[in-house]
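What follows is one chain in structure tokens, specifically the form predicted on its own.
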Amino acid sequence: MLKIRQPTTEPRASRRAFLAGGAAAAGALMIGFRLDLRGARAEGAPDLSAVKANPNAFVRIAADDTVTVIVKHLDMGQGNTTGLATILADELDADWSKVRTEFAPADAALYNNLLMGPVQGTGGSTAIANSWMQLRKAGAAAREMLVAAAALDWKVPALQITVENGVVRHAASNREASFGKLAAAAAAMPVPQEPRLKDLSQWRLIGQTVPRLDSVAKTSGSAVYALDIRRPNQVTAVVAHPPRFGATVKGFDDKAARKVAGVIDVVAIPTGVAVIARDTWAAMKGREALSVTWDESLAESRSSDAILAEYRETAKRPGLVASQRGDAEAGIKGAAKVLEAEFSFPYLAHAAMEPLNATIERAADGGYDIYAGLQFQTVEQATAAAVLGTTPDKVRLHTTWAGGSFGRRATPSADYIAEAAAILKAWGAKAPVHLVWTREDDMAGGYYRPTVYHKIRAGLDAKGSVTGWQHVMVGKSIMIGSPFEAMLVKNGVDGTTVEGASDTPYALPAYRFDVHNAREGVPVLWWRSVGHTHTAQAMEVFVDELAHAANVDPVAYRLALLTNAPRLSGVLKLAAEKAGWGKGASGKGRAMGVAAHESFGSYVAMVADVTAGSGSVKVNRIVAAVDVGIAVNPDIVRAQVEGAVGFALSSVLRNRVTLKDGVVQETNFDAYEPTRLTEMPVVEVHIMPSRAAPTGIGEPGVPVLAPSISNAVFAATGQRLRSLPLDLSGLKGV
């Protein structure tokens, strides 16, 4: 039913559940979940068109005519609140100026991600893709309920009633009513399960650049982030974590810490020692005064170079077969020319603008409230409940805006939420606790894009065609050992590790892809575009090498291998055309490079125009073409590709996380430097027209950037830089 509710000025972060039925218990942590973060390409993905209309879960119309769209996903800057609201508002025929959004409570029964199974969560660029039909039907059903209410009141046929821009009209009798006036009566109407959806020719908002709903609040400072939460009598906690992964607390002396002004208490928790204080500064100073002895008997103590050296040795042996067709070894033996290459990739930090933090309190009713930028609500709710010794229905989650994530807030262990709960429990829940991770905590606290090594051999015949391709990869699996292993690891192969290579769209007659699951002590996690962050670089740079060896234009060479991939071919052609491939960006040390890749059901091609030589690379221009199906909001699609370029460029040019005897060396932005405005290239984004259901764009812009730049550097200098970040020290002037 449509709920009628007066406008409220209560901060979003403190609102309680508002739908009948409350939050559903999530059950035991991840048990029985079918979770596949590869999204729309997942085997056995559900039929999203079969979802039933449930307007009560997703829309609330108030007496003042405001339409509030309930958003089940976290918005960490990618703009999905605007996109999701656009889908529902268009089918509803709402007045966009009166549309608002609100984050949903934790309730997997109502708000599960349809592409992840019975779990509420945001990831894999699935927010728009999984919600597309769900929100269209919710909006259409709400519209039909408003029409039914008007028809009953005016005693006219429903078919004679029209809805436009928040107003319901009956032209023949010259009657009209706003949504707010009809909402109460509409709430009593039956919910149509298969409402009539608009034809795309009738859309007013979908496919248009409508203003983002969060822009004003974020620029005025009124948007509530987790770091903004202030509960009555709230205290702040910071945690002393071990300097090496796998170490534990052996003992600690807190005498000096307790003498610091503002420090309230010091408590031991499973992940370290927490200092609780009146404010963040006092907590940090108290932690500095704390003396902790660590047990490092089981800690990871190797340096990055030693780990990579072990990977290289491992790659000399056959691994688990992730993908195979034909006889690659035989194809290479009979080749006229054989090429080999190796690629290495470092650990990478997520380094979001807002470090990890969460506020937790025990409520008067014995339950608990958590305020944070929550990305996997079902996991976080169940984890907090387990730590606190209660049931998930007793843990109420309040999702706030998040200042970035890039995967870090979506940990299978819900690590920082569990840590906040552990502090509250250890301290006896005397007051609300705001756990704050400093930038150094966030950078050195674990969970990185894995370090990875690729080794490739391929053969070419006399005409330059591929006769065989052998590919070996070594890297630590994100899923093995996690609650998701049973769902995402098949025959020992983690799909999120090999994606983008094991499922290559290139028509290779003989292909074998082996993977080794490395065992080391560094915690790893998905990083914006997950496995594609390294597989796209390896595949696209090596294909470029094959094109050069065959003396064939790199675009033409790719197109010949993409005969069964029309959408990827389409963006490749479009990017090349818009960039002026073969016409511009020529001169001393200046050239173009190209790459194309599919990820998360979306297709992206990029052409990079670079100037390179004498130990430096300047990226002048990036021309991107994307196919994301129906672009719900073209401006947000462009913004996400532009943002992907800015996000990934620093990892192409310089950034890495390194270990020295097991200790992370880069702990702040002085050593892990984000992309500077002065080095940001001009970015042009071209969107392929499409009638296909929308896919995602939060991540697919990342994988193609590095190989397009790498290939441009080769074209400009004749020198191949394969590994990331690019080793610019050896670049010579042209």
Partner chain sequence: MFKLTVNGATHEVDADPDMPLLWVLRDRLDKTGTKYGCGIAQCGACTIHLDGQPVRSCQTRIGDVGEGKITTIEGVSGRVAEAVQGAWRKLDVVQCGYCQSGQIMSAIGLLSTNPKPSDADIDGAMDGNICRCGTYQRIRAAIHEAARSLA
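Just so it is clear, the structure is predicted and the values come from calculations on it, not from any experiment. Positions refer to the first chain, counted from 1.
As for the form predicted together with its partner chain, it is not shown, yet the points below apply to it.
The stretch among 605 to 613, 290 to 298, 400 to 408, 101 to 109 whose residues place heavy atoms within 4.5 Å of its partner chain in the predicted bound form is 400 to 408.
A heavy atom within 4.5 Å of its partner chain in the predicted bound form is found for one listed residue only; from 278, 519, 337, 490, this is 278.
Of the listed positions (581, 437, 343, 427), a single one reaches within 4.5 angstroms of its partner chain by any non-hydrogen atom in the predicted bound form, namely 437.
Taking non-hydrogen atoms only, residue 221 approaches its partner chain to within 4.5 angstroms in the predicted bound form. The shortest heavy atom separation between residue 693 and its partner chain in the predicted bound form exceeds 4.5 Å. In the predicted bound form, residue 533 stays away from its partner chain, with no heavy atom inside 4.5 Å.
Among heavy atoms of residue 640, some come within 4.5 Å of its partner chain in the predicted bound form. Contact with its partner chain in the predicted bound form, defined as a heavy atom within 4.5 Å, is made by all three of 230, 355 and 676.
Shown here without its partner chain, the chain has 650, 655, 668, 669, 670, 672, 674, 675, 676, 677, 678, 680, 681, 682 in 648 to 682 lying with a heavy atom within 4.5 Å of that partner in the predicted bound form.
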